[in-house]
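First, one chain by itself: the form predicted alone, in structure tokens.
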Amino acid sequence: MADADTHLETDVLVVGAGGAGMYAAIAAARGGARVLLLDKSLVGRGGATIMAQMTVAVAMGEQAPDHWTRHHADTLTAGRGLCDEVLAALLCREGPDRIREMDEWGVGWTREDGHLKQVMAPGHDRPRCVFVDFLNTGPAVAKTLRGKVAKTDGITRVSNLSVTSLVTHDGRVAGAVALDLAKGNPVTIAAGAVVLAAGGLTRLYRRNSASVNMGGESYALALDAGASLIDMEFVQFFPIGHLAPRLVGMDPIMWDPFRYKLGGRLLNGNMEEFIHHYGATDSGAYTAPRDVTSYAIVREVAAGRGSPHGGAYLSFEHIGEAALRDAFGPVIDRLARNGIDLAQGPVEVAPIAHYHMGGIRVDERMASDVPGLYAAGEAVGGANGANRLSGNAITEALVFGEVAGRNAARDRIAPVWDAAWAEKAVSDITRLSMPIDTASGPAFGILFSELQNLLWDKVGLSRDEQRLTAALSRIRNMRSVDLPALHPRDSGPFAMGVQEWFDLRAALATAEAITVSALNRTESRGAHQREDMPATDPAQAHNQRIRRAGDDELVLDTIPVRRATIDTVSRGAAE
């Protein structure tokens, strides 16, 4: 892995080295491009892919007859009428190719009787999800891609390099400016094309399942470069994040594979099943969509029927100790060390910010509306509409990563650079890196925590005009007053204060985009639930596009949902 110099040049720059970024780098290199793959943490060790536990939705049809158009139909149903149907079709159609390619690279998909084993997941009409292990599919996918990246000629990997700005010239992206975290200096990068694959935004919420680099940087960078975002109001909350008792050293979304394998029962504070009161079924199975389940828990809590810590109970007591141990033996022992005995009592769960359906608006080539700028993975918006179908996230990372890398290599131009184009972005890093003597002024930790609480309380699962308006006012105040007054109190190699300033800048820009979009959608649909507008409005079956006009103002308009004419293969024909 290379160290960063003060100026780099490449054909294709890939920002973010999770699953989508690594696949984009491999695809671009296969297209003959010199690729620079960089990450603000360790290449291949950050992002969301490595944190995923189990399932990857794809119509392989190895154990049960299936067809990608069936997967597509389920994706559109989950998306509540707002999916970009062309992107959704791309995801579902090319998913099998990526799964087979990962198989050739040795990922180790679980097999049964010589076929890839596929399991049922909420929202699917048949068993469709492949996996490596019930708890470690994401780490296996990330490890396989790291190995493939290392063996692919033409890819240069750089860790600890955080992109703070994209650089444009004559309307086209020309490269980027980054902060070298190890040395504390700015680095300029000339690139013939750029792929943004720096993940989602769920770190912006108080309760989240995100890694530290899911703070909305992709969206903020794209906005500042002149690209459009789409449907930023749709933040997905994973309904059964662990709440209580205290759990140390284990993933807060670990109950997902338990429910895939054993079902379990979701109960309110009166120990009653309740999902059927909200238009879905869930008893002893795991079938209710995430948006329905999350909102149902919130409503039960609001009605005074929550669990003691403000969530719901998840019970496996009816399964029996032998079956629990047979399914998750070593994990049962780890739970016991946390004082949890699933055979004897339930745990408490509650929604947790998990994924973002909105993002950078792209075409079927993953090209944004800024020439030379592409997006991949969770940075892309639109494919999943108002609610993502379970299991589509890793599929999306692999498919969109490959498409973005391939097209960035194909459409790249020879990199050109003029230091004047990046003068302001470089000077921002230099200015913030100058040490100061005073400890006065706001502190990053306090401001970032306030933002997380603000979004959780006012722009979270339950929204209304009053709370959204108050949140927007405070976010804009933080952007105009608190951020300029924040000055890093350290400098030099591995001084995190400068990085934190840019983290907060990106977080505030993205938070503003979410809140403006949520205010403008005056209905409830999928993951966007307005207490003051509880009905779904058929007249609002459109996407919302948001762009930056001038240096600061956000402009929002509506655009028709992109439809695709696809004849779904009938269940009988698929068989």
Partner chain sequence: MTDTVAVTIQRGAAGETPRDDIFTVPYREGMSLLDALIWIRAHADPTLAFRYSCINANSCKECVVSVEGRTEYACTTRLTGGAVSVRPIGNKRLLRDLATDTVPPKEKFAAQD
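Positions refer to the first chain, counted from 1. Predicted, not measured: the structure shown is a model, and the values here were computed from it.
What comes next is about the form predicted together with the partner chain, which is not displayed.
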Task: Interface residue in the predicted bound form among 94, 317, 450, 251, criterion: non-hydrogen atom within 4.5 angstroms of the partner chain - done: 251
Open item on the list: Counting any non-hydrogen atom inside 4.5 Å, which residue from 144, 165, 159, 228 sits next to the partner chain in the predicted bound form?
Closed with: 159
Task: Candidate stretches 358-366, 495-503, 378-386, 421-429, one within 4.5 Å of the partner chain in the predicted bound form by heavy atom - done: 495-503
- [ ] Indicate whether the partner chain has at least one heavy atom within 4.5 Å of a heavy atom of residue 45 in the predicted bound form.
- [x] yes
TODO: Answer for residue 50 alone: is it within 4.5 Å of the partner chain in the predicted bound form, judged on heavy atom distances?
DONE: yes
TODO: Indicate whether residue 41 is a 4.5 Å heavy atom neighbour of the partner chain in the predicted bound form.
DONE: yes
TODO: Considering only heavy atoms, tell me if residue 247 and the partner chain come within 4.5 Å of each other in the predicted bound form.
DONE: yes
- [ ] Would you give me the residues of 465-494 that have any heavy atom within 4.5 Å of the partner chain in the predicted bound form, in order from first to last?
- [x] 489, 490, 491, 493, 494
